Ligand code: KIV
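First comes one chain, alone, set out as structure tokens in the form predicted on its own.
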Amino acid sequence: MARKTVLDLLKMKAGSQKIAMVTAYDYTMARIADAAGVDMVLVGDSVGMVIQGQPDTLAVTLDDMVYHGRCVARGLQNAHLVVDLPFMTYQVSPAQALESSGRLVKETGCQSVKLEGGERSAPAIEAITRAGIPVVGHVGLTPQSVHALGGWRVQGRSEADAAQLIRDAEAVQAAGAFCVVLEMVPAELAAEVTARLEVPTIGIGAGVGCDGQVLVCNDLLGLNSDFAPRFVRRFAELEAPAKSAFEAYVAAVRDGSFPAEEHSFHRTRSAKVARLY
């Protein structure tokens, strides 16, 4: 099957069908998510925190996104692939944004790119979409602006902030984005934005009124018990069994029970080459 297109996702909003998006950063996770029926896979700059162990997303490079985007693309058959533009690869100028986006499309095989910011990012979105590259916008809490925002805080709570967030979302749509991520936004405000926009909204910490939802793969799988923000639901608790499996492996190596006879190769008179599996 072909990957879902921009038109497919627009039709899902028109038909009131919810869009399921997850992040992935490698081939294995992408393959599993795709087989499960996920609609969109995002190679997020959250790779800096989830995979690299960084305190935020700011150190992630375009080379990082190209590498992880390539890995994820190889695991997808059906899901629409989005790759993030990392910090300072699109903010300098629309020309820089277009060049960075073109590299992501050419070198990863992604179908769209994502960037943060509302009105301030509209010129970059216009330049990218004019070149025929689909764009996903991102407003509300924008992690690349974490220092300016004063930390990981809900956005749009005051009347003035809510009005600005609406303007940002509408500016992103007007600039040509086909989808908008709403992060850590009051549920009522996210529902209002969703009703105003013709393009789908994807929520994370934005309530039930969005056209779809996105979660980080490691969060929904319960692979980090120390990270438990309010907007995350763990659909599995895999950290403990994974740790138990590693402990069992260590014990088996130390007591000599692994490898056993069935895991070993021997010299043979047969001309056949020994099989690995």
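Note that this is a predicted model, so its numbers are computed, not measured. All residue numbers refer to positions in the sequence shown, first residue = 1.
What follows is about the form predicted together with the ligand, which we do not show.
Asker: Would you kindly say which of 210, 214, 60, 38 lies with a heavy atom within 4.5 Å of the ligand in the predicted complex?
Answerer: Only one option qualifies, and that one is 214.
Asker: Picking from 221 to 229, 243 to 251, 38 to 46, 66 to 74, which part of the chain touches the ligand in the predicted complex when contact means heavy atoms within 4.5 Å?
Answerer: Among the candidates, contact is made by 38 to 46.
Asker: Can you check whether residue 114 is within 4.5 Å of the ligand in the predicted complex, heavy atom basis?
Answerer: Yes, residue 114 sits close enough to the ligand in the predicted complex that at least one of its heavy atoms falls within 4.5 Å.
Asker: Using a 4.5 Å heavy atom cut-off, state whether residue 168 contacts the ligand in the predicted complex.
Answerer: Although the ligand is absent here, residue 168 would stay clear of it in the predicted complex, with no heavy atoms inside 4.5 Å.
Asker: Taking the shortest heavy atom distance, is residue 206 within 4.5 Å of the ligand in the predicted complex?
Answerer: Taking the distances in the predicted complex, the answer for residue 206 is no, it never comes within 4.5 Å of the ligand.
Asker: Using a 4.5 angstroms cut-off on non-hydrogen atoms, would residue 110 count as touching the ligand in the predicted complex?
Answerer: The answer is no: residue 110 has no heavy atom within 4.5 Å of the ligand.
Asker: Counting only heavy atoms, which residues in 165 to 185 are within 4.5 Å of the ligand in the predicted complex?
Answerer: The stretch 165 to 185, when checked against the ligand in the predicted complex, contributes 181, 183 at the 4.5 Å heavy-atom cut-off.
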